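Two versions of one and the same chain are coming, encoded as structure tokens; call them structure 1 and structure 2.
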Structure 1
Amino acid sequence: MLFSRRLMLGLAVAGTMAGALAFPAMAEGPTEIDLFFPVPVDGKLARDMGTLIKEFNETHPAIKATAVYTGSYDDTLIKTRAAIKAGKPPSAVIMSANFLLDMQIENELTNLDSLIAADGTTKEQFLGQFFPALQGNAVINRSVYGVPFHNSTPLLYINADKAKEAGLDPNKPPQTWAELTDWAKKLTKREGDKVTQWGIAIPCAYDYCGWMMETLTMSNGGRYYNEEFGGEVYYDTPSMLGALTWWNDLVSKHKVHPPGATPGPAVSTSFISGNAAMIMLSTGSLTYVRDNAKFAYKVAFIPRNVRNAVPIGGASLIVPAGLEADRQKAAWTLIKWMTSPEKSAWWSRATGYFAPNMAAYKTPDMVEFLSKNPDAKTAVEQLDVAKPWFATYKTVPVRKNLEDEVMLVLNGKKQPKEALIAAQKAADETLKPYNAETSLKLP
């Protein structure tokens, strides 16, 4: 009898405790996560991101995601690092793909290998969804730290109407620097000493300028950095000297390129307005050009001097270090959804970035879209000659060491050789602490 009473009492207490435990769980609601996202190119990315996150929340009631606009790629890195330092990291970030190595060195990233394994798949299977050219910026020391989300390569945009007016065939775009220089001369218009139409414009502001220098250096046979080690860059080299000299020649010798350092938005505006007949710009601007150009245009590979080669651009989705387990799991759910074939395809159509998930190009909507917009194929086709985006210890300061000098050259204040010597010296100094702890730390 005593045992029976004790059992009934125990069951009653257990039931009360279970009810007490169950009630808060019901009251907790969805796991709330935030996604930091930049807008690095022209267009309506903020609106498109709002549309994407709204759909995610509607189809995932256990999670409530909030998209937080964080400015440029550089701004997004600064804000993410500040949040991590304050102990309040965002759940996920669309981070410039070439910042991942620096963040991994500083222990600011979550290694994604365990999350991939928990899904019952291997790293090789997971990465196999994405174009091979993108993996160099997503994998560090054989571990996955980023998931390609929106990616780009630089393209040559050509005003087809103006090309025809100049006796040029836009269906046979320039293949070499020599041909591009010739085209730019024919496309430049003057009224006395005043230029009314520039033949070519290439953006140079922080971030874009470094990417363009890597683009030109690679197509001149060179390398911007050591792809296997984060402590070396190659600024004072013949390949980069040739690249910067040619860019400067377009400005000061041939006078077919506007003087000074021009930001990306100003370059795209000059193309849309007809002030520049050709531009080099990210494929991420393709939808903006398609929606706003009142003329026929063509996009083409970046012309070569020594070889066809371009760097990858764009961003990967990352999970910052320091997240609670439930938010980390929710962030991983969001990341997988955003990089699925269907959503990858939708984002590509909305923005102009190419879809990193290869299966996106087999979805019915994407097949139909490409049949109507063949210009969207160019960046994908150029992936055959694409290589990783420069990534080093302190990527941004090291990049700015070069960009500051390039801007001086384009503004007519320095010659290319002296500028690159100065850039190399400054970069070596920036990289010095990392080398002291790695390549120069000897037994």
Structure 2
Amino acid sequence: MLFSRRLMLGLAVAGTMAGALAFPAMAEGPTEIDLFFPVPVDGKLARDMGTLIKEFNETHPAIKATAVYTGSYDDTLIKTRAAIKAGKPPSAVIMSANFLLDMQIENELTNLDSLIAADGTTKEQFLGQFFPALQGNAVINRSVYGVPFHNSTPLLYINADKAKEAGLDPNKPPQTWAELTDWAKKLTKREGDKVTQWGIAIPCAYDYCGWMMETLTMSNGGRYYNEEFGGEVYYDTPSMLGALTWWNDLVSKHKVHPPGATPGPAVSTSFISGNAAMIMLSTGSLTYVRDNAKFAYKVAFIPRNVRNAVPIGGASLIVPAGLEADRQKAAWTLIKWMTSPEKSAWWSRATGYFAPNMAAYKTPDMVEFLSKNPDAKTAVEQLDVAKPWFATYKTVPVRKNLEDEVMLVLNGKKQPKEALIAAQKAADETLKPYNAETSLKLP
């Protein structure tokens, strides 16, 4: 009897607590929203994000935003998906731009069209603020699903001192693959069989490798994937074969590129230490190189074989599906504020990414910054020839299908042609369920 009374008491207490958990914040207060943000480059970014959100909260008393650090781009996707599955989606996320399609296919994104319409603007006006190259990864089936926040393109970084040493003019950087091969040969130093200075290094680790393959393939006239439909990639094509063969030739034929798969940080360290005279890397590394290089350096467009073309990289702001209306609205206010010209320009200067909002480059601070750092301008100029980042159903595994084969080639284990045939076959297999439901679902 005594025991059962205690039990009842316990149950009552537990019930009250559960009730309190179920109905939090009955009192009126600011709308609380959280923003998931990754740090793909340096640790300083987290501090800059804190500054940004603090300023937002001070200027918007009706909203209380919290920035939640969620690791790398890939980790951020995982954590966002976990939060959505648990029924507690974050209000906004800075998401790698090429994950949007996959998320949309999985019904994990809020269509932003109605929010744009509620502001009294048209989709065209809204998208018109951003560089055209960025729109491909933000718009799916003619609906807006993401707002470009910070973006990048690949660049060719040249150690100008070493170029001069080798009798090359750093002010006339190589523009074609032929010229680049020639430069790389002249910039490679050997002691017997041992290479003490590499002519060029291109990163190849999961994620970076696929992006560099897209870069080389596009410079060779190719497309990598179907921009209009998430069920197709073009791996076994002449344009990609040429790209991979050239990369392989730099390694095994000309021996001017380090063998094996080298991750991005190893490539940038190699450049900073003078071990690699030229590298291909994201514009996102520009601030890092500027702060650490103890020599004169130059940045240039990625050289072409057929045409000048590069993919974009970077991230967009998204609103996950399944959010209450008031938090959705608050998140939209935050997103618009973060992508406004002033904030966009400030973030660009802090990180090295370029500002997606074109008006950002007209702000006085930015004009002054660019006149002091002309290298930051190259990335913006290259945007004229930039194209969307590959995005398919299951982007990461489809990308890995190619990367695994490219790594085998760079390790001298496979020839480019057989590697690409294998990559195509593996990717087709990964895409099969999606095609069965879309392109191959016939009446």
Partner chain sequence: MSLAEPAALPVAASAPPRLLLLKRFSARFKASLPAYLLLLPSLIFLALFTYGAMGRVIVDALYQRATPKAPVRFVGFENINAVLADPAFTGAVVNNLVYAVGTAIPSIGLALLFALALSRTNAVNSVLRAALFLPVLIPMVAASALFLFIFLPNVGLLDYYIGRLLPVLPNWLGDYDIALYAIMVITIWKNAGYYMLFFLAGLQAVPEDVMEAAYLDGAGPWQRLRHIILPELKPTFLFVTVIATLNAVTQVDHVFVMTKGGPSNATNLVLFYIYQQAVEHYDIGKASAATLLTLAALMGLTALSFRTMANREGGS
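For residue numbers, the reference is structure 1: its sequence is counted from 1. Computed from a predicted model, the values in this text were never measured in an experiment. Take the two forms, find the largest set of C-alpha atoms that superpose within 1.5 Å, and that set is the rigid core.
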{"query": "Number of the structure representing the form predicted on its own", "finding": "1"}
{"query": "Residue 417 C-alpha moves between structures 1 and 2 by 2 Å or more, core aligned", "finding": "no"}
{"query": "Displacement in Å of the C-alpha of residue 54 between structures 1 and 2, rigid core kept as reference", "finding": "2.9"}
